[in-house]
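Quick setup: one chain, the form predicted on its own, written in structure tokens, and binding and motion questions come after.
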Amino acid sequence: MALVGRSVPRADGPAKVAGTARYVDDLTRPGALLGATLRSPVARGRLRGIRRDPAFDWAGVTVVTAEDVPVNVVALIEEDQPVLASDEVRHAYEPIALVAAEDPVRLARALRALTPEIEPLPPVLTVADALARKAQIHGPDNVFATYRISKGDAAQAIASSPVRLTGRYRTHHQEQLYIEPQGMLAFWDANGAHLVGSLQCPFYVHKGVKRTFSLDDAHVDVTQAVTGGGFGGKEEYPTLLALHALLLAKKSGRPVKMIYNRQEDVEATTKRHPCEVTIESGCDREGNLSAVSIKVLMDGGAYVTLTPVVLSRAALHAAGAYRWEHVAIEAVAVATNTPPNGAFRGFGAPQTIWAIERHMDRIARELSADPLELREKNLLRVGDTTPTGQFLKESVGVQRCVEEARKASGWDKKRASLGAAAPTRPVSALLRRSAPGSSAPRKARGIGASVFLHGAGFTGSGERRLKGRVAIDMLRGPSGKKPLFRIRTASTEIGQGTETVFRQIAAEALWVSMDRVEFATPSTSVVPDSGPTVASRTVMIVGSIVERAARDLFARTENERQKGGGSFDDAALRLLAGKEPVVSEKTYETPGDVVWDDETYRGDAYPVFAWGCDIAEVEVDLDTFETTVLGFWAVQDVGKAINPLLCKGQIEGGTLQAIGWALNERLVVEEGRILNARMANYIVPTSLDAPRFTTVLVEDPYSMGPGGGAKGIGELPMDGGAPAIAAAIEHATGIVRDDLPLLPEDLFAARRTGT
């Protein structure tokens, strides 16, 4: 049954195309109310009370405040975030009260009839102010987390290097802008709390509900509805929304549905962390890298949420895909009075890979070297060690990624003929204002590259602590003549193809057709805890457990066939006659040679890395400074492509998000409030903006990956797009831009100032 490696159709495709898939806003329950949130209009202050308009008829309206919350904390890494503000307000849009009513008009009027009475306090809106402690908003120093990684003696090695360079690189907020906003349906019955929602991680919500309402496992059920995208934005945030919906349902005694509109979703939910990275490096005149010192400074927003794991990954990827004999990395995340930042595809790695890749271009510029050749000369290879001391023993396909990208893009020819190198179109002349009536060409083309890596799975000992589980049930089929198999896992389908890929893996291991494998709707009362759908772990980690459980069922059935004769199906039915269903439940086993020390931050940060090389060709209009991506070559080492078409879809989708981060998106924040919280003024690329993609899958198998070597690649495509585009713009125009985004006005300003 050769299913792995084939681009079989998506299992969830027909329902979505036909419009029969039911998202949370399509669902309801008898007597359900609609819920909404009263939010703070200021970034920081003391909540003195909530005034109700006495002229409003409050009959049939449910209002919930902090006094109604049994345990007023959101259970995440730290319990610093309240479900509803009770005293201190720490960011604009902080939830203060909840309202439920029968229809949307009455709900909106009730919301307007509530007025929070807040004594404003001076907000801390920048990282610099937080470090200067202009106000103490989190602990004694406003620091959420700090990590340090050391290898050799970076300071001494840099000081003795022939070429020493320093650069500062900045990245900005990014909104996930999933196609379906946040939504949750909640109700209570004799069995406890029930939730159906748009979410990535059912057991995150389950944990939060248990904590706030002091319930046990048996009295909380969280079920995923069909979910229209997540990108990390539906990792931790749905816990807060679930608690809000449950509080309203508890007090009203009726089911409650809460669906955010787009503006509220953009304003209130988490974003990608803004980041500033300072890099000092040393190398010789031939371009052999020696040492690097990196300082990472990240804006966590008002609450911790997932900032420590974002910062950790930023630090672990900060040195890039290169051999450095000496490394010193320090990463710090601080609190500000802006809406909390959280998970977003790549979570931390895109920020620091932007920095190290722009710094590699800085080194190439200083040495007058071809930037791709400089990278290729210093790539990590099998036998090298990373900054944490991890020995790379297998599946390091980065060299082949660079070779394939160079060939597919025509790098050598284009690098010599485009941009400042073009003999008939010197960029220095083009950037000067043309004379009236001049017919001089006003566009310039360039090509740029980036090389990058991404660790698959939880960092360090995370998978060992989690012990993710998967079950596969063997059931009697409708005809009674053939068994069916049902995968039960907490890994969710959010558009990336999980359901399809898991069915491929299981069906091949069971030697049955895919139509005999089902995917159970993730519900905490039905599925074991496989861990969250994050960190590029779904296929590589959870998929390997699916494969083991399927192989176990096959082996047990084959053993019965050997004993009793007949076909595989005959043997399966004999097993089912004794007990139905026949269940195989397996737990993830971390490879024994993966060793990590959380205290020293040394050892094997990830079981394996995925690798990539991106090359972008751009055209810059020298009158408007608009940038068009003419072609994009994404070559990425995925280990083994279980479903090549879905794999390429992940790469192209993630790359387009990276292009948007670079060229389109800027979140405008003023006094802690977001000024462009609409799709009309927060601009993301659409399919019409997508360049011509050439996507090449390199398969350097990981020995512990499912299907013959699959690695996690959900986040890898986000890492390389922005620096490749910046490098191409630099090649086209000579404009060096080390801060994102690369909007026309930013390029124009950089051209005027020379920065």
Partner chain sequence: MRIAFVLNGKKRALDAPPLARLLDLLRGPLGLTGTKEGCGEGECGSCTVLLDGVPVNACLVVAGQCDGRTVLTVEGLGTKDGLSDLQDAFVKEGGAQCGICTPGILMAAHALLTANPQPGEGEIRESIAGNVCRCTGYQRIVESIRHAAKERASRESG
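Predicted, not measured: the structure shown is a model, and the values here were computed from it. Numbering follows the first chain given and starts at 1.
The same protein also has a form predicted together with the partner chain, omitted here; what follows describes it.
Peer 1: May I ask you to check whether P308 falls inside a 4.5 Å heavy atom distance of the partner chain in the predicted complex?
Peer 2: So P308 does not count as contacting the partner chain.
Peer 1: With a cut-off of 4.5 Å between heavy atoms, is I158 one of the residues that contacts the partner chain in the predicted complex?
Peer 2: No, I158 sits far enough from the partner chain in the predicted complex that none of its heavy atoms falls within 4.5 Å.
Peer 1: Does G287 reach the partner chain in the predicted complex if we count a contact as any heavy atom within 4.5 Å?
Peer 2: Residue-level check for G287: no, no contact with the partner chain.
Peer 1: Could you confirm whether F231 comes within 4.5 Å of the partner chain in the predicted complex, counting heavy atoms only?
Peer 2: Yes - in the predicted complex, heavy atoms of F231 and the partner chain come within 4.5 Å of each other.
Peer 1: Using a 4.5 Å heavy atom cut-off, which stretch among 221-229, 247-255, 391-399, 539-547 contacts the partner chain in the predicted complex?
Peer 2: Only one stretch passes the 4.5 Å heavy-atom test: 221-229.
Peer 1: Please pick, from T171, Q650, T557, T386, the one residue with any non-hydrogen atom lying within 4.5 angstroms of the partner chain in the predicted complex.
Peer 2: Looking at the other structure, the residue within range turns out to be Q650.
Peer 1: P685, G167, G631, G462: which sits within 4.5 Å of the partner chain in the predicted complex by any heavy atom?
Peer 2: Among P685, G167, G631, G462, a heavy atom within 4.5 Å of the partner chain in the predicted complex occurs only for P685.
Peer 1: Can you tell me which bits of 656-678 touch the partner chain in the predicted complex, meaning any heavy atom within 4.5 Å?
Peer 2: Sequence-ordered list: L656, Q657, E665, R678.
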